[in-house]
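Presented as structure tokens, the chain that follows is alone, the form predicted alone.
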Amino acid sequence: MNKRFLIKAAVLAGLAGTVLAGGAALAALKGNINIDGSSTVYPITEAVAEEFMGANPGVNVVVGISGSGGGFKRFVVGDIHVSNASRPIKKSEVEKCAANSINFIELPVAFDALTVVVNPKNDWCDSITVAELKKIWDQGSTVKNWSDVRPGWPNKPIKLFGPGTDSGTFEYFTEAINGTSKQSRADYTASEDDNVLVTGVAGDQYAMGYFGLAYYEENSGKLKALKVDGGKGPVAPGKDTARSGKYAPLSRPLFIYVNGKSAQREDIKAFVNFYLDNAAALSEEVGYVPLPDSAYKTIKNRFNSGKFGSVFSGKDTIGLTIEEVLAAEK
């Protein structure tokens, strides 16, 4: 049975008896919740929002996709209640929050296997090394054709598609592959909308792109995912390899950040608790790796106890396992 159906049934069955702190009945909630940020985290948050609004017709949840950086630009000035992020908040963004008297709560919600994709008609490349990816994508790269990457590959131009510079995926990929965040060649087709990247790679035999696992899984009939060799042999992106830590260095945590003042509102409090109660099922449904059930209890306690700040700001998260992320959050 579809997990989305089971969630909806459980919510509706318990609705009549569900009461929030302060005595507000869940069904009577009203409000507008504004969320923006990562296109990678978007499928999870959108699924949560859809289910939550179905049970709470008085609450309107709007979810945008301006990229992690774009979401934080709005978050640090108090323009949105929740920011989706495929990378931790930066020290400079924390400082802007402080300058604007904004407290925030950092909540990991899932894990991702950032996926490098090519066109299904590509029959010469099934795996690629981190060094070869750096050769292709690094700032100042002279790679024009596939034959520039590896002898024997076609002497045909590589058409590159990737996230825009406001994307957390762009920042994570460039740091993990090129060694420095945002250090990348600029002559590629960029978009904050991953569906644009999917369409681009699917339409060109000689294309390559990268984005979150969920967008590959949703479009696996149109794309081919490459195995990535981080030094221990080629490993395919997937839920199991991300969960085990074998898919390195492109496995990463996904977050939501909640405005501290907004977290006191009953509608937002209910929404975030609903999010954490259902993140495991919904993140897996849309193509990501859920955290262990015990982890969501810890993270939910972090939210409900109002634990402000980030444990990752200014720190390198490249190659962290799920266990290392969770240990840092305790």
Partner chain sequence: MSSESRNLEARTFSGLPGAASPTLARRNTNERLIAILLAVLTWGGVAILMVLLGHIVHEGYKYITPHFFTNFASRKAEIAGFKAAIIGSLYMIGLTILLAIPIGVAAAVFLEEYLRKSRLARFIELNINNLAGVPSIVYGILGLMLFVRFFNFQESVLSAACTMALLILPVIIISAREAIRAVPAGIRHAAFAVGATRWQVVSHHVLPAATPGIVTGVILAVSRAIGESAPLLLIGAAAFIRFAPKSPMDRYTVMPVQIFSWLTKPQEAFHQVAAAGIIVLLVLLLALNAVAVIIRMKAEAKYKW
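The structure presented is a predicted model; accordingly, all values stated were derived computationally and were not measured. Numbering follows the first chain given and starts at 1.
This protein has a second form, the form predicted together with its partner chain, left out of what is shown; the following refers to that one.
- With a 4.5 Å cutoff on heavy atoms, Y296 does not count as touching its partner chain in the predicted bound form; it lies far away.
- In the predicted bound form, its partner chain lies farther than 4.5 Å from every heavy atom of D138.
- Taking the partner from elsewhere, E175 is found to have every heavy atom lying beyond 4.5 Å of its partner chain in the predicted bound form.
- Within this chain, T189 is remote from the site of its partner chain in the predicted bound form, having no heavy atom within 4.5 Å.
- No residue in the set C125, T142 and V228 has a non-hydrogen atom no more than 4.5 Å from its partner chain in the predicted bound form.
- The partner is not drawn, yet in the predicted bound form one stretch among 258-266, 60-68, 272-280, 297-305 has residues with heavy atoms inside 4.5 Å of its partner chain: 60-68.
- With the partner removed from view, the residue among A47, A55, L29, L291 that has a non-hydrogen atom within 4.5 Å of its partner chain in the predicted bound form turns out to be A47.
- Just one of K239, R74, K246, K96 comes within 4.5 Å of its partner chain in the predicted bound form, counting any heavy atom, and that one is R74.
- Although its partner chain is not shown here, in the predicted bound form the stretch 77-91 places heavy atoms of just one residue, D79, within 4.5 Å of it.
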